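Have a look below at one chain only, the form predicted on its own, in C-alpha cells format.
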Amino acid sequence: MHPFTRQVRDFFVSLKLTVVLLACSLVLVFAATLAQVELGIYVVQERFFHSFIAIWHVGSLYVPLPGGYLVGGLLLINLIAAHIYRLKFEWRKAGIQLTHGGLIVLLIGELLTGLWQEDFSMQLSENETKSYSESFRLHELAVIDTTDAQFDDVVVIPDTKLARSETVQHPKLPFRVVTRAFYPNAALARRDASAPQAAGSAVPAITQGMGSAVAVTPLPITYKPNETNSPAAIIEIIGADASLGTWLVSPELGMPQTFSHAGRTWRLALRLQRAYKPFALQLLKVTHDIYVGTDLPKNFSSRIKLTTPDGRDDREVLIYMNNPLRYGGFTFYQYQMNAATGLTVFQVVRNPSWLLPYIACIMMGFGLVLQFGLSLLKFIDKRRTTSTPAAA
C-alpha cells in the first residue's frame, strides 16, 4: 500500500479521531443549547446541526465550530472504516458487527432526514376541504390570473427571491415583478389615506391597492417559539411599456389585491408557502374530551374524509394523538385544536427515510442480545470444561 494511502486510512480508522469527534459533538450540543434561548429550535437546527460550519455568538465574539453535517459525516466515515479494517468478521463477534451496522444505519437515517424531511401544517374548519398544506415559516408571493371562471392560473415567487430583490419575469406573466423592499418581520397600521408618507421614510412609496392607506414599520426578527414573523414586501409591477404601480403585500392584509392588465384580471397575495397534494381532506368533526372533574385533556381527535380525484379512495379516517394518518408518503399528526370553533390543525410530515431509525434500533438491539448470548454460551462452556467432576 502506498504510504500516503496508508496515512489516510490510519487517520480515518484512528480511535483518536473518534474521541475528538465525540468531544466536538459535546461542544456543539452545549453551544446549540445556549443559543436556543435566543434563536429558537428551528434556527438552531439549521445553523448548528444542518450545516458544515456553525458560528457561535458569545457576546461580541464569533466562534466557529464544526457543524452537525461535518461531525456526523466524519463519524460515519470513521465508523465504516473501523468496521472494515478493525472488526474482522467472525461468528463470535457477529453481535458487535450487527450493532455497529445498526449505528451506521442510524447515522445515515439522520443525514437523510436532515436533507429530505419536510414539515407543513394543514388547518381545517369543520366541513372544510383542502388539498394543500402550508409551511410553518416560509412564504411566497402568489400572482393569480383569475380571468377564467373555471380555474385560476397561479405563479408563485418564493420569499427568498423577494429578499434578494430579484426581478422576476415568468413566461406566464405579461409583466415583470420587481421587489423594492422586503421586511422579514413588519407591523402594519392604518393611516389616513389622504396624508402623505413621511418625508425621508425608508419605506418606498406605495401607489396601488389597500397598502396606500397602511403604514409599514419594520420589526426585528423574532425567534420565540410562541411568536411568528409577519413579512411584508413592496413590489412594483412593470409592463411592456410602463410601470403599473407599487403594491404592499403581506399576510396581515387578509385578502388578495386585484388589478387588471392586458385584458386579464390578476390578484396579488403574500401567503404561507403551499404544497399541493394529489388528494383532499375534509374535516367532518373534532372531538376534545377531558377527564371528569378536571381540565386535563383526555382525547383530541379529528374525523376526516379522504378522497382522491380518480375515486379510488373515498373513506373516513380518525386521527388522534399517537395515531396519525399515513398516506401518499405523508404523515398527518394531530397538532392543535379548538373544539369551540370547530378548528383543527394537522402537522404534515414527509420523511422518505422514516423507517431507518426503526431498522437501526432493531439491528442494534438484536446485535446486543446476540453478543450477550454468544458470550454467555462461551462462559458456560468454559466453566464446564474447567470444572472437575465430583468425587464418587
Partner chain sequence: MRTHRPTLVLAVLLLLLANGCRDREVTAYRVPKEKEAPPPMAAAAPSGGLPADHPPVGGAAPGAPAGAPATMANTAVPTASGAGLSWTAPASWTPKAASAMRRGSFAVKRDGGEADLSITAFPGDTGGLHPNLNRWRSQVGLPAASPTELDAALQHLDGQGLHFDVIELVGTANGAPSRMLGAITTHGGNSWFFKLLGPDALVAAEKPAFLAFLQTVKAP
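Numbering follows the first chain given and starts at 1. On a predicted model such as this, the values are computed, not experimentally measured, just so you know. Only the largest set of C-alpha atoms that superpose within 1.5 Å between the two forms is called the rigid core.
FYI, the form predicted together with its partner chain isn't displayed, but the following is about it.
Quick check for you: of 234-242, 113-121, 93-101, 175-183, which stretch puts a non-hydrogen atom within 4.5 Å of its partner chain in the predicted complex?
Result for this chain: 113-121.
To verify the annotation, which of these, 188, 283, 319, 268, has a non-hydrogen atom within 4.5 Å of its partner chain in the predicted complex?
It is 188.
Of 156, 163, 306, 205, which residue is found within 4.5 angstroms of its partner chain in the predicted complex when only non-hydrogen atoms are counted?
When its partner chain is considered in the predicted complex, the option within 4.5 Å is 156.
Even though the partner isn't displayed, in the predicted complex is residue 323 close enough to its partner chain, meaning a heavy atom within 4.5 Å?
Output for residue 323 is no: heavy atoms all beyond 4.5 Å of its partner chain.
Check whether residue 88 has any heavy atom within 4.5 Å of a heavy atom of its partner chain in the predicted complex, and answer yes or no.
Judged by the heavy-atom cut-off of 4.5 Å, residue 88 is in contact with its partner chain in the predicted complex.
Flag residue 170 as yes or no: does it have a non-hydrogen atom within 4.5 angstroms of any non-hydrogen atom of its partner chain in the predicted complex?
Yes.
Does the 4.5 Å heavy atom contact test between residue 330 and its partner chain in the predicted complex come out positive?
Close contact is absent here: in the predicted complex, residue 330 is far from its partner chain, nothing within 4.5 Å, heavy atoms only.
Would you mind checking 342-380 for residues with a heavy atom within 4.5 Å of its partner chain in the predicted complex?
Contacts from 342-380: 343, 345.
Superposing on the rigid core, does the Cα of residue 276 end up 2 Å or more away between this form and the one not shown?
It does not reach a 2 Å shift.
Determine, after fitting the two forms on their core, whether residue 167 shows a C-alpha shift of 2 Å or more between this form and the one not shown.
Superposed on the core, residue 167 moves its C-alpha less than 2 Å between this form and the one not shown.
Would you say residue 297 moves between this form and the one not shown, meaning its CA shifts by 2 Å or more once the core is fitted?
Result for residue 297: yes, a 2 Å-plus shift.
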